[in-house]
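In structure tokens, one chain follows: the form predicted on its own.
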């Protein structure tokens, strides 16, 4: 198990690489990638049993990035974990495997191709059902966006997960309250999301998505829930770690300029 300090350093490295990748590509989604970095760092380094020997196997915990546009985060995490061979700076290049939305056919460690919002959590439900049928005790994890929760398919998946008592499924909701067009409350208010998932039959754990103790405790609690799926309702800050990106919807899908990249990396303590 990694210490909190070690996790924080990994998350900082991941955030630096997110900034570098999006800047180099001149496109991508930094805001929602940065907001979930602490959650995915904890998940990949201290929760999921994924490593280089089983990366291509079904005999391990698996993860679905339902908010597929946050691919810079997933690639940076896989690289930090030592599971990704590709050069991160090839992100979004025409001949690269690291496309703007992750493709399971091209990148080892990507467990589901995602991009169309709402479909990732549905795939995770199917994977959890398959594990139950196969007597596979490994868990399925998924990361959703709050803007994504405006999609009706999310709620069909939520209903199915509770109906089939998928206690091997743990979803995390990145609740940074911003999407590409502004506040989720102004675009199409999905609140109260915690109460809605509870009403759909889920066990809900509310946390600060940047507090490592709360993140770790939530994942541990989810493992002990029986007879229903778990949602970790994580309050996060869009653009977390870079002051001029924080709580700013304009950074949902805009690449930094080289000057802004330099300033961001300086804040994160790197070149």
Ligand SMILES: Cc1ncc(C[n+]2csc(CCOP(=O)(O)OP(=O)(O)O)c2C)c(N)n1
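Positions refer to the first chain, counted from 1. Since the model is a prediction, treat every value here as computed from it, not as a measurement.
One more form of this protein, predicted in complex with the ligand, exists but is not displayed; see below.
Go through 172, 73, 178, 157 and name the one with a heavy atom inside 4.5 Å of the ligand in the predicted complex.
Among 172, 73, 178, 157, a heavy atom within 4.5 Å of the ligand in the predicted complex occurs only for 178.
4.5 Å heavy atom contact, residue 98 and the ligand in the predicted complex:
Heavy-atom contact with the ligand at 4.5 Å: absent for residue 98.
Using 4.5 Å between non-hydrogen atoms, is residue 252 touching the ligand in the predicted complex?
So residue 252 counts as contacting the ligand.
Within a 4.5 Å heavy atom cut-off, is residue 62 in contact with the ligand in the predicted complex?
Flag for residue 62 set to no.
Interface membership of residue 111, the ligand in the predicted complex, 4.5 Å heavy atom rule:
Residue 111: no contact with the ligand in the predicted complex.
Heavy atoms within 4.5 Å of the ligand in the predicted complex: which of the stretches 163-171, 132-140, 81-89, 115-123 has them?
Looking at the other structure, the answer is 115-123.
Do any residues of 145-165 have a non-hydrogen atom within 4.5 angstroms of the ligand in the predicted complex? If so, which ones, in sequence order?
145, 146, 147, 148, 151, in sequence order.
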